[in-house]
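Below you will find one chain, with nothing else, as structure tokens; this is the form predicted on its own, and questions on how it binds or moves follow later.
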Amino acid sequence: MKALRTIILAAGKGARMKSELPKVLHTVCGKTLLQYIIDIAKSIGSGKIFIVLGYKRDVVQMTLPKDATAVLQKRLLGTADAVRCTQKFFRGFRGDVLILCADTPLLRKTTVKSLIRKHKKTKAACTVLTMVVHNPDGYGRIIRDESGRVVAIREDKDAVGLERNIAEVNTGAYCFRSQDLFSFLKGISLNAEKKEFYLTDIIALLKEKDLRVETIETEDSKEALGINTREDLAVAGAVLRQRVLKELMDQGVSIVDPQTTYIDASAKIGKDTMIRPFTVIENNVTIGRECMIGPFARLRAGTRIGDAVEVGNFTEISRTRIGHRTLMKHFSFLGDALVGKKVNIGAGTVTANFDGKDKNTTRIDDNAFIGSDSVLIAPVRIGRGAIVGAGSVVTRNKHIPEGKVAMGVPAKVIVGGRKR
């Protein structure tokens, strides 16, 4: 949408996280809090994305996609000041501005689309995403007049009397007409107590000029949960994990026990694959169709698994490609390996991929058989159809030729019943 631009507020430190890492870079289900919001902005077709940075801006900026523009808030003077820092990028722009907070990873793309749709339909100066909660403490209250029109957003610390009982609260997501947003920002005064400029104050200014302010409510109050503590991070992780698992099951993946299965948001799994309990599948993992994974398996980032592969109990795979119909059923580790089709990885097999300085590659070609308790000290290559005897140690830079048998410590190729 060329007529839509997005501002993501990501300048805060997040002091209650008790961390040196900027809050927006904490991860949940394999992605940073900030990345979830960037993904939403991209998915709705935002023409340009501006990310306001402050605390440890250099650290955060290194994680940004190339098509996002970083904007520095030199002093953390509140949300209105953060938006004001982007003003130079909107000169001459006559479209709409979507404003999102970088610490709301549970926000759904469909909800943001609904917010934009209502904003355009009603031709409002501002449309606010609200939610209804049982305990509004900590949230800005939505103040309405007798006719139900929004007249203000009252920050939690400023709410008094019956205002404190209002259950409809602000989520921090808005859609503005660009001209109205930057025109009325100038009228926001410094909050005397907090020494900040609150973006929420713009609502009352718009109503004073009788400009239209609309709202749309989230279907689920959890959706706009702001992450402020480690506990919040854990709560968000549990919700996102169940969303990921439901989506996979809807796509034809069997998950035996969702309560004990951990799959990151970017993982891709084919139809008719079964994931057994106590399995961890990390980000950027791809699994083919009709596989059996787990129980007690860990598939780390960068792993690619073909179709009809079995990865059994107490196994770990990292940055490895595995071809179709390969078996790896028990107590094994594959790291930085290229494994072909119809390979047998015996129980207790380990690829020793790290030499203290570098990660090295193990290559196991199609139809090879690796006996139990084998150690492959990378870099090594096991040829097509070759056999490594149980308990063998294949030393670095060794190549077991196609169809040959190797065994021993160190492993040697058997020729005519003798080793060499």
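Because the structure is predicted, anything quoted here is derived from the model rather than measured. In case it trips you up, residue 1 is the first one in the sequence shown, and so on.
FYI, the form predicted in complex with a small molecule isn't displayed, but the following is about it.
J.: Pick from 322-330, 337-345, 165-173, 107-115: which stretch has a heavy atom within 4.5 Å of the small molecule in the predicted complex?
T.: Heavy atoms within 4.5 Å of the small molecule in the predicted complex occur in 165-173.
J.: Report whether the minimum heavy atom distance between residue 398 and the small molecule in the predicted complex is within 4.5 Å.
T.: Although the small molecule is absent here, residue 398 would stay clear of it in the predicted complex, with no heavy atoms inside 4.5 Å.
J.: In the predicted complex, does residue 411 come within 4.5 Å of the small molecule, counting heavy atoms only?
T.: Taking the distances in the predicted complex, the answer for residue 411 is no, it never comes within 4.5 Å of the small molecule.
J.: Find out whether any non-hydrogen atom of residue 228 is located within 4.5 angstroms of the small molecule in the predicted complex, and reply yes or no.
T.: The answer is yes: residue 228 has a heavy atom within 4.5 Å of the small molecule.
J.: Is there any non-hydrogen atom of residue 299 lying within 4.5 Å of the small molecule in the predicted complex?
T.: Residue 299: no, not in contact with the small molecule in the predicted complex.
J.: Just to confirm, with a 4.5 Å cut-off on non-hydrogen atoms, which of 239, 151, 76, 292 contacts the small molecule in the predicted complex?
T.: Checking each option against the small molecule in the predicted complex, the one that comes within 4.5 Å is 76.
J.: Could you check which residue among 217, 310, 155, 257 gets a heavy atom within 4.5 Å of the small molecule in the predicted complex?
T.: By the 4.5 Å heavy-atom cutoff, the listed residue in contact is 155.
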